[in-house]
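First, one chain by itself: the form predicted alone, in structure tokens.
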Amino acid sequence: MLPTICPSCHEQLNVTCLKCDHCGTEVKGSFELPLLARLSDADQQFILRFVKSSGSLKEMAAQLKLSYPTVRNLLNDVIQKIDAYER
């Protein structure tokens, strides 16, 4: 898993180098992680399930063995995190 939070100060990490394993070319700079990559692994897994279930919270609730309102609250939490990153 790609680390996204600094273990020292807990701020967002940026990518500073990308390297091609095939030819050795390196690109250096300071690049922000894509928005979805900034989310926790659990939030990313939730989004993947959401997409795979065609956005059906009812189906997700059944898969996760949770109530519909609980899954709706999980989705709302992810939406709030995305909104915060977009600001």
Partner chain sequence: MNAEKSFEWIYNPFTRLAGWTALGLGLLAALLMAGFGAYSQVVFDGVIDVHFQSTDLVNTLSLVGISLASLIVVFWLAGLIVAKPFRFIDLAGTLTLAKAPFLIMALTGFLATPPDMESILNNPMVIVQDPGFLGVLILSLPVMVWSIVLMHNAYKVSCGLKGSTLTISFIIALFVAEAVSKLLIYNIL
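All of these numbers come straight from a predicted model, not from anything done at the bench. Residue numbers count along the first chain shown, from 1.
The form predicted together with its partner chain exists for this protein as well; it is not shown, and the discussion that follows is about that form.
Asker: Is there a non-hydrogen atom of Pro69 within 4.5 angstroms of a non-hydrogen atom of its partner chain in the predicted bound form?
Answerer: Yes, Pro69 sits close enough to its partner chain in the predicted bound form that at least one of its heavy atoms falls within 4.5 Å.
Asker: Classify Lys58 as contacting or not contacting its partner chain in the predicted bound form by the rule of any non-hydrogen atom within 4.5 angstroms, answering yes or no.
Answerer: The answer is yes: Lys58 has a heavy atom within 4.5 Å of its partner chain.
Asker: Even though its partner chain is not shown here, does Asn73 get within 4.5 Å of it in the predicted bound form, heavy atoms only?
Answerer: It does: once its partner chain is placed as it appears in the predicted bound form, Asn73 has a heavy atom within 4.5 Å of it.
Asker: Taking heavy atoms only, is His22 within 4.5 angstroms of its partner chain in the predicted bound form?
Answerer: Flag for His22 set to no.
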